[in-house]
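This document starts with one chain, in the form predicted on its own, laid out as structure tokens.
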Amino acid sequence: MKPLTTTRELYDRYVIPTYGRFDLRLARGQGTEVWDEAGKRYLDFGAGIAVTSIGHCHPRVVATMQQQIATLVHTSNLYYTRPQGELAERLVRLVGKPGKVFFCNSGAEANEALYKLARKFGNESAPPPPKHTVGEWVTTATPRFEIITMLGSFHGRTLAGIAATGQEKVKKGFEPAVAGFCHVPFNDGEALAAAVREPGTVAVLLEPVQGESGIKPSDATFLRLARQLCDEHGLLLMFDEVQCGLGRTGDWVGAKTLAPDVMPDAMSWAKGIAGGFPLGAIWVSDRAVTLADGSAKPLCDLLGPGTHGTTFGGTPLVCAGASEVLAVIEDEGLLANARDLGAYAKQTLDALASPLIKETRGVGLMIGIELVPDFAERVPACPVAKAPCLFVVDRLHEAGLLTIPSGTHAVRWLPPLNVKRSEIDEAASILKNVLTSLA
């Protein structure tokens, strides 16, 4: 057999084709730049889909990981390790509200932990009586398990994750769906209130900023109503902050950028938490839950020994790296950078005034560029069978800019939080030239 000589040939023969990959073979990265195998340089405004939150190969993270990999990599969660405890303490401090953290390996796993938390809560608690103390729940004989999620949402590709996701395209071919989820229109307060069922509903799960559907922020009034409904009906309010959390919007808790007074009972993280290493986590508040025997237990202690677990979640190696990533964000003032340069990026994009752009939207360094609905009619070069966003992203790749497609007509900018103004100018110039050539 002839030996395989290219990366593409290796993939075609040996890697299961679950991804529609772009024909790029990336070899190395530094900061906001990556280079392919031929040495071509690209400005990376995708950041691994909001993962490399402080850029590629940050020297502080490299040094920390090198030291930790030579010290202790893995022990399993049968034992205590200092890096995991220190990372949990840092995360709770950054959230600014008492609670505890569970570590896993990805955003989908983090959301699975939220579903299990809600199920456990539903089996051990129930809606409060008409006169109740907000923040405490009591138990009846009827377990609750239904979670309300949003249309347009994305919560991962596990079976429960695609059931929770409010997009039909991810569900096709995997029926029957996991029971226990219903969907309402995003930012529709009336629909959310109408979906609460007694005694079936146990939680509301939402992304403060929907990422995969093209960067769509929630309304502050909607977030406040969700919190109010959960308090009134004894439900959990859970945020999926896998893409928008830990600095992406300019705040540690993404929802605080939109509604500073709203806090969830639990939320999930992944992507940028460890700057490129596989780590997911959930934070759970210490709100009191009244159990069947009348005793009280903090919500963050509801998932006790034997109820949930993972082999690789929270290893010393990845926790040491994640702690350093978060420390860099703090030390280098990258929350402010995300706010300031996010606003600058949006102003710069708006100033392009391209006839092919319908609108730009976003929060911090989480920006969606929506192409006009009739893009294919205006640009004859765009194949009828190809989504306009994929066509544009391909052209941007040719010009040296990595971006992320969303749906059919949106292009996402998700650069590292330490992106520079000059790099935003370069990215905008590339986009302008590509769109001008197409128009």
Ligand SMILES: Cc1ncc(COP(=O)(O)O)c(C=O)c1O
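Since the structure is predicted, the reported quantities are computational estimates derived from the model, not experimental observations. Note that residue numbering begins at 1 and tracks the sequence as displayed.
Missing here is the form predicted together with the ligand; even so, the following discussion is about that form.
If you check the ligand in the predicted complex, you find a heavy atom from every one of N111, E212 and V242 within 4.5 Å. This chain appears without its partner; in the predicted complex, the one residue of G107, G368, G275, G254 with a heavy atom within 4.5 Å of the ligand is G107. Checking F103, F186, F154, W283 against the ligand in the predicted complex, a heavy atom within 4.5 Å turns up for just one residue: F154.
Heavy atoms within 4.5 Å of the ligand in the predicted complex belong, among the stretches 177-185, 301-309, 155-163, 71-79, to residues of 155-163.
At a distance threshold of 4.5 angstroms between non-hydrogen atoms, R248 is out of contact with the ligand in the predicted complex. None of the heavy atoms of D265 is located within 4.5 Å of the ligand in the predicted complex.
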